[in-house]
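Next up: just one chain, as structure tokens, the form predicted on its own.
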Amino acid sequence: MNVAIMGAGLSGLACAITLEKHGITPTIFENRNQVGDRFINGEALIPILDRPINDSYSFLAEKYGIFLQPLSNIKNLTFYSENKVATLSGYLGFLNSRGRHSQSIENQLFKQVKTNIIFNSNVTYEQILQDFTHVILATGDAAYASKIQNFKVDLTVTLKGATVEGKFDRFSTAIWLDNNLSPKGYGYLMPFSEREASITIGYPDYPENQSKDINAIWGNFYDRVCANLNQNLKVTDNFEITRYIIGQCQYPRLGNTFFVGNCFGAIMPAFGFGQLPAMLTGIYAAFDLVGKGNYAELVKHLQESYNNSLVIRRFMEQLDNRKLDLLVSLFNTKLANYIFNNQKINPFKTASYLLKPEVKIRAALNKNSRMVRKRIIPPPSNPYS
């Protein structure tokens, strides 16, 4: 067995570590000159999004022998809408970094890989197929996967973020749900330390958003963050991504090619997180190769989680600012705090089950409305027909 891993991100590195534990040394190709993206970004592992897994770090260590350390645990999670503020407290998850931060998850995984990585690689998938019996496609985005097979694109998003200096509580993070700041999207603040954090805004590239000025949106978001934190933040680095694909591949495995990470569709649509699913796809692909499971079967729970998350996203997109104010107000209740802290409750799965009929009904009504408008206002006739 001669295995190639195309990409040294979360899924590719998790796959390599797992293969090595079972006596297989893969060849790893990476087109960058080191692991991790050029920019540094803060992210979070929040148990309520991954239940029944309540501690991703202990889960990966005890079940798969992959050892990671967070930057800090989350004690407080603050939600901001247009007119409301709510803060949840308790055991809410972990903060971590991505990219070229010394303690990023990529760098922590990299230290556990024994195999040499071929950096600055320009090798193509077609070339790899000629020399290897099995290929793990872990390129970090769905563009490559979309060329090879049917990849169901549910939305694309624009993201803009920055590393900022200021004064932060490294055990607290914040989320902004405000259509004036990010239409049908969200904003985050994730601290790296007491002096440094990342702020990020993201919104879907729907037709009504495509004409919007990302720099104007970013400026409004940055001003709002500074106002809510009551301090002037100094930007030290920034990034921008447009039309980033969120969706899922139809076939997790085609022949002897395994689609993992974002090539599989590991990003959860509701809030853009997907670190744990990405690593699990890499682990599951390795399990298939060493005879410990069937990849298509192992990823079924991830596909279910993705679909549940998509229902939540579609529902959130239907909320105007008045309803978002109401939602954030609900987070101030004891019931909300209980749900977020109770490890036996999976509210996102339950909410998805309850919301599916409503989302489908609204989609059908919108479709019928468009059809009616087309009948009322017929298209112009073709003078050449």
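In this text, residue numbers run from 1 along the sequence as written. Quantities reported herein were computed from a predicted structural model and do not represent experimental measurements.
Beyond what is shown, the protein has a form predicted in complex with a small molecule; the following relates to that form.
Worksheet item: With a 4.5 Å heavy atom cut-off, would you call residue 241 a contact of the small molecule in the model of the complex?
Response: Taking the distances in the model of the complex, the answer for residue 241 is yes, it comes within 4.5 Å of the small molecule.
Worksheet item: residue 324 near the small molecule in the model of the complex, any heavy atom under 4.5 Å?
Response: The answer is no: residue 324 has no heavy atom within 4.5 Å of the small molecule.
Worksheet entry | Exercise: residue 97 in contact with the small molecule in the model of the complex, heavy atom 4.5 Å | It does not: once the small molecule is placed as it appears in the model of the complex, residue 97 has no heavy atom within 4.5 Å of it.
Practice prompt. Give a yes/no on whether residue 352 approaches the small molecule to within 4.5 Å in the model of the complex, heavy atoms considered.
Written response: So residue 352 does not count as contacting the small molecule.
Worksheet entry | Per-stretch contact check against the small molecule in the model of the complex, the hit in 255 to 263, 67 to 75, 298 to 306, 225 to 233 (non-hydrogen atom, 4.5 angstroms) | Of the options given, it is 255 to 263.
Practice prompt. Name the single residue among 173, 275, 163, 158 that comes within 4.5 Å of the small molecule in the model of the complex, judging by heavy atoms.
Written response: None of the others qualify; the residue that does is 275.
Item to complete: Tell me, out of 182, 104, 81, 139, which residue has a non-hydrogen atom within 4.5 angstroms of the small molecule in the model of the complex.
Response: Among 182, 104, 81, 139, a heavy atom within 4.5 Å of the small molecule in the model of the complex occurs only for 139.
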